[in-house]
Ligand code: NIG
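First, one chain by itself: the form predicted on its own, in structure tokens.
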């Protein structure tokens, strides 16, 4: 009999993508955990018979799903954009507000004025809230600093906040998010981003991102930055097709990006190109809902054989929501995904986008013991309840 630290016992259902990539549901199950990793998972009869645990969790009447993986967040910021929310409620559009100096540039001014401690404290508070809602791994982007010092400060704050909140975080350098006010042109800023910001952020990030959109950066402006980031060993991400189709999917396919995120304006040709490219489509239904944009074409992309991912886009301006469970609910109610498709798109699929699919995002032996316990015998309650709060969340068996 194997000695383990913890057994989660009496689970009514356990839902996960398994080691072969199939979605499976174990009934009357248990999970054995030791040294922060899953040792065994399956029927409680077999688990309890073959493992002696020093500690136990009685999960009678509960279900287990993998810790959620949020692969698109902007969880480090300073200041407030509540005034913009009120202006939109009175009829102003997101792009109109941004053109008048609000939006991203408003957050840039606030981040540049904030101390490192203030940024880290805000990140810790938000990441802790995300953890309570089931997110155990999060990607956090820079992009509200737009100079080398501030962009690096944002990523340091993300890692410091993660340590305090006990959440796994991966950093992304989103240097091409907006044109900073001191820059005379996009071309000049792209050079600064390549020569100064990327080197400053290299050790703090695993990926680089760009906002390829009208009013932001064109494909021609994004390409040299992404090529430079790839040469440094960073994975590539692209914000694309949020307000218009400007070549984001074609560029992602050309450069081998991990994902194109947003897709609210992606048409049939874009869906076909994305599905054929192998680049993941990250759908952000909370942002589409908040800005009253078309929902991303998740169903069409899935039917075309594309890789579908869900994320919150948690940020102060266009998606101030920290709940990936809410995004899962929207995926079922608005994107026409099944419960199984939606859960996979918020666990195993985003882990693949982040390059951590070998040890995060699934409840299988050898993976991190990131477990969300749902207070319902049917695991689909995690999708069904709008605004669900899990009964318990474990990260590496802790919690």
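These figures come from a predicted structure and were not determined experimentally. Numbering follows the first chain given and starts at 1.
There is another form of the same protein, the form predicted in complex with the ligand; it is not shown, and what comes next is about it.
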The ligand is absent from this chain, but in the model of the complex, do 323, 326 and 384 each have a non-hydrogen atom within 4.5 Å of it?
no
Within 4.5 Å, heavy atoms only: does residue 171 come near the ligand in the model of the complex?
no
So, residue 104 and the ligand: in the model of the complex, are they within 4.5 Å at any heavy atom pair?
yes
Does the 4.5 Å heavy atom contact test between residue 151 and the ligand in the model of the complex come out positive?
no
Heavy atoms within 4.5 Å of the ligand in the model of the complex: does residue 139 have any?
no
Taking 4.5 Å between heavy atoms as the contact cutoff, choose which of 146, 127, 71, 287 touches the ligand in the model of the complex.
287
None of 189, 225, 217, 94 but one has a heavy atom within 4.5 Å of the ligand in the model of the complex; the exception is 94
Which of 181-189, 229-237, 111-119, 71-79 has heavy atoms within 4.5 Å of the ligand in the model of the complex?
71-79
Residue by residue through 198-226, which ones have a non-hydrogen atom no more than 4.5 angstroms from the ligand in the model of the complex?
211
